[in-house]
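Coming up is one lone chain in structure tokens, specifically the form predicted on its own.
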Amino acid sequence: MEMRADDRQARLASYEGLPAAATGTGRDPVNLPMIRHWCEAMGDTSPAYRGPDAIAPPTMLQAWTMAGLSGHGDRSGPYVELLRLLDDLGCTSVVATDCEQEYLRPLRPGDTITFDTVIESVSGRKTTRLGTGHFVTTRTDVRADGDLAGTHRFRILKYAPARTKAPAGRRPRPVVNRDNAGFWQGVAEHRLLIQRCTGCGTPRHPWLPGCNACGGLGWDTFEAGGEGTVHSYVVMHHPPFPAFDPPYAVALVQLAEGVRMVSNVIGVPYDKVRIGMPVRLEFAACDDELTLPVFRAVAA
């Protein structure tokens, strides 16, 4: 579709403020089994999410609105039209980029969830490493028994894939921010630093600004000894990427200090990795700029 840049942006901007999804109702009321499953999966042991006065973890906000395996049957006509227009403009690929959540009141078992989603913004044409396209932000207002409980903003990039490829052998760079910079500095020094709450003493990984056990904001660090076991793993076959050579094993490693982290298991073929396998920490230099923690299988 041939369209002048000004006309294209005006057309895209015309969708801002239109509904992205029909008024929806959560498939289930807020309930303790879902809260328990979430906490078990996330390793969150906060007492606030258990017992007769339990609340739902705030980060579950979107979970109560999701359709599950039934898919996106609630998408509105304007949102479908917007995505089709972006496809026609050559932006045929999509990737989720980030989300923001604002919590206004706790959700409690028994709350009935309703929600409305609007197209909040469509950016001008942006060029990224993935390609050139437009960021589309939707805003979902989540209500509990009619009261606004929180807002969930979700942003995707609809883009035309760039023709250039990543340099062969160059691993993707980790995203370093103010919350995890200390971890990566430790890795560069061949030290695996674990965060520890100074209030309740609970260790945590990955690094977070607050404790998921007591909510405390104070923390210090200690160095992990390097012993661990494979808690779970997957074998990656697809997609291919120049810096990787599939198939290879990606493991969730249970450290002796009580936290888990995702890494590669080395020293054995990918099809010999097993749950419960003892492993030991090593630091692998991927290139002159990047060092990563990996785990070598220990002979039984």
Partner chain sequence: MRPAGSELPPLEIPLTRTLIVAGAIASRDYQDVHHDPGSARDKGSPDVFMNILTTNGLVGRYITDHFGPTAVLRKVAIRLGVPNYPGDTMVLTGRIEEVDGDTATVRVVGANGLGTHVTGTVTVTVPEEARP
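Heads up, when I say rigid core I mean the largest set of C-alphas that superpose within 1.5 Å between the two forms. Residue numbers count along the first chain shown, from 1. Note that this is a predicted model, so its numbers are computed, not measured.
There is another form of the same protein, the form predicted together with its partner chain; it is not shown, and what comes next is about it.
With heavy atoms only and a cut-off of 4.5 Å, decide whether residue 223 touches its partner chain in the predicted complex.
-> No.
Do residue 49 and its partner chain share at least one heavy atom pair within 4.5 Å in the predicted complex?
-> Result yes; residue 49 sits at the interface with its partner chain in the predicted complex.
Report yes if any heavy atom of residue 100 sits within 4.5 Å of a heavy atom of its partner chain in the predicted complex; otherwise report no.
-> Close contact exists here: in the predicted complex, residue 100 approaches its partner chain to within 4.5 Å, heavy atoms only.
So in the predicted complex, does residue 62 come within 4.5 Å of its partner chain, heavy atom to heavy atom?
-> Result yes; residue 62 sits at the interface with its partner chain in the predicted complex.
Selected contact from 205, 125, 171, 155, since only one has a non-hydrogen atom within 4.5 angstroms of its partner chain in the predicted complex = It is 155 that has a heavy atom within 4.5 Å of the partner.
Note which of 235, 42, 252, 256 lies within 4.5 Å of its partner chain in the predicted complex, where distance is taken over heavy atoms; exactly one does.
-> The residue in contact is 42.
So which of 181-189, 207-215, 89-97, 223-231 is the stretch with heavy atoms within 4.5 Å of its partner chain in the predicted complex?
-> Of the stretches listed, the one contacting the partner is 89-97.
Using a 4.5 Å cut-off on heavy atoms, which residues of 7-42 contact its partner chain in the predicted complex?
-> Result: 27, 34, 37, 38, 41, 42.
Core-aligned, is the CA shift for residue 87 between this form and the one not shown 2 angstroms or more?
-> The answer is yes, as the C-alpha of residue 87 shifts between this form and the one not shown by 2 Å or more after core alignment.
Core fit, then residue 275 C-alpha moves 2 Å or more between this form and the one not shown = It does not, since the residue 275 C-alpha is displaced less than 2 Å between this form and the one not shown after the core fit.
Threshold 2 Å Cα movement between this form and the one not shown for residue 34, core superposed | Residue 34: C-alpha displaced by 2 Å or more between this form and the one not shown.
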